[in-house]
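First structure 1, then structure 2: two forms of the same chain, each alone, as structure tokens.
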Structure 1
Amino acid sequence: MSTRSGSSSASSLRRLALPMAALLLLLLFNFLFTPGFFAVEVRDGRLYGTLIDILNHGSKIGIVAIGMTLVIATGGVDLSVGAVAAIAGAAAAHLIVSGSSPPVAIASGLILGVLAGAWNGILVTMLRLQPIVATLILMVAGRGIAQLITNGLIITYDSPTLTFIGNGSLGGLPFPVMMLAVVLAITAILARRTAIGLFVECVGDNAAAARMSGVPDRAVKLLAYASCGLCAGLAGLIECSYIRAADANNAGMLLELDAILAVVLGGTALTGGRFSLIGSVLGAMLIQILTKTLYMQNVSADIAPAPKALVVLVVCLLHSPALRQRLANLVSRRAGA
């Protein structure tokens, strides 16, 4: 048992090595070429600075990446998280404007997120639709649902409680960072201290074999999609709170792509199986640091996706076992020569 545990820990460290190395390289680049990047100051009991902004805005991607990790680990994918975030934010803002209390508005947004995720899970498990097709349906229809909730308008509101989610602070750090820490801690405890994580990995490795072994594969997939919907709902509340408005047309735009990239950069294979929650969070922060670095180097927002995609491609290629084996063989041949 100790040998297996040690092997698992070594494998986890290897998966985290690449995102950690990429993060350190980016931080080193900014230390050398971006003045003031590491400057942090305290104002009114709250920390301010570029690094704090990265943590703040990266938290939204990190929360969604945690839910996406569970879905991808089962061998699926969720393309609808951006639309689900728009639905949750639109519902919360609409209820606030209609006179509902903030707890009711927040709970309603989260419940809608869970229901949307469960809907995807039902399509995948009960109707046997391909995950990319099942979630693509809600990705397209979800924007329309959010538009229906807001009547095609940008809803602004004035609620200190809802505004605190995206703009408040706790312990000097932005509140979304604390939300990310709580979501990561709860998910990690459930995934690594209970049988849920093992079930998820078994279903992702071989769903048929898991089913024959007594693992409720349909229930596991349904739970994964519902959890991803909950995380998307949280992200929607953060975005809605940050701008103090619900913009159904732009909220959560391309959030699904950043979340999937964060999961892949964190070392979780798209084919399912073993997953790394910490790696996904590191991947989310890597994406945010890279984006911030490009902007601080005066790279145009129209051009920034190109170098960003190049860096992501390099890290993903380095995750490839086949490429690593070829590089190792090349190095050994040269050393022998």
Structure 2
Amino acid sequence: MSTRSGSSSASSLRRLALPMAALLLLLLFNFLFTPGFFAVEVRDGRLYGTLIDILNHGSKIGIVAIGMTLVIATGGVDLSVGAVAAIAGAAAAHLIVSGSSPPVAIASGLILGVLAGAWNGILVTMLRLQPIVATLILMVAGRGIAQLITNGLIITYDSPTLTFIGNGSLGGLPFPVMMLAVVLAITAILARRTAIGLFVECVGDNAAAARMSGVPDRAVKLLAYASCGLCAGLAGLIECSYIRAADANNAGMLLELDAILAVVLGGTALTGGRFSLIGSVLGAMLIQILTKTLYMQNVSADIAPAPKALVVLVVCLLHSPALRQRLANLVSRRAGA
């Protein structure tokens, strides 16, 4: 992002306008109607409060959304992130329980995530399956694999290191928030300080032209899917750490939807091309605020998906060129009459 200058950052600002506006609107709503929403207090050198909660829980979605952003920017999509998160969490917990050291367990979870992502990438680039179809396979089978690892049980473990990932704090902020910041920073540096970002955007914007310019489109896609798998693995570790257990059946449930939604909210088009990592993180936080607001308005966690779905629909419609075309036609017809 920093290598951009002038009007380019202006245009990325324009893309961020919608999520920013929605964010401010939700915050304003909560300021008016949710007492204590903005209260933050310090206990034992750690911040507590609703906003901190949102940051904490939004981090998991945000991390996956960063990986998903890269995949969507290449013109693809990854439906398997929830299942991959479940696999990573199950593997880590299983290794801890069977006596491995926490670093080994954590590394194994992450490596499994990368492998799962690379598998998706191979199906997309080598077999040329459509991304939805290719990632559907792991979406179906992944949860089964996770349950295979946990033997169908909920594995509870006792490991301060692993527990710290989801529950610890650093510099007053919950550890997941710090991890989100690190993932965002690393991805942003890799994307913008090397040619990865440029290549990803080229492949997503015009694959044929990118190929004619010599862009290694398959390698770029493979990298994007592998990164997405890594992010999903990390999210799986956070979730498994947060509840101090691996629940293969429910871990990462509907994570794919939240992540895709965050990316779309953040201004990255589902058709690929230009992407915004910051936007996706904002989108993730927006989703979390929306969820929290619904809870605080006494909407049950089960019903909450419905209003979220309406938000998705509205955002998609606002992003749809077809709708804009129709509106433009309407205006011009009226002007003509």
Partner chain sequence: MKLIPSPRHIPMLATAVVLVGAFSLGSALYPNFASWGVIRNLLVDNAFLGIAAIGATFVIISGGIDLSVGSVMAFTSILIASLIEQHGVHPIPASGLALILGAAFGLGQGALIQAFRLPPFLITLAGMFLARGLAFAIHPQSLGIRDPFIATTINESLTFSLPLGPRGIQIPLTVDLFIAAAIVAWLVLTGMRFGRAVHAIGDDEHAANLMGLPVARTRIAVYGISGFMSAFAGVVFALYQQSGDPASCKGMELDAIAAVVIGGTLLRGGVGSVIGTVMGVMVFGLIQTMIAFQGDLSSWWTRIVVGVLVLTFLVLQRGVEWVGRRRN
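Note that the coordinates shown come from a computational prediction; the quantities given were computed from them, not determined experimentally. Structure 1 provides the reference sequence; residues are numbered from 1 along it. In this text, the rigid core denotes the largest set of C-alpha atoms whose superposition between the two forms falls within 1.5 Å.
Of the two forms shown, the one predicted alone is structure 1, not structure 2. Fitting the two forms on the rigid core leaves the C-alpha of V312 displaced by at least 2 angstroms between structures 1 and 2.
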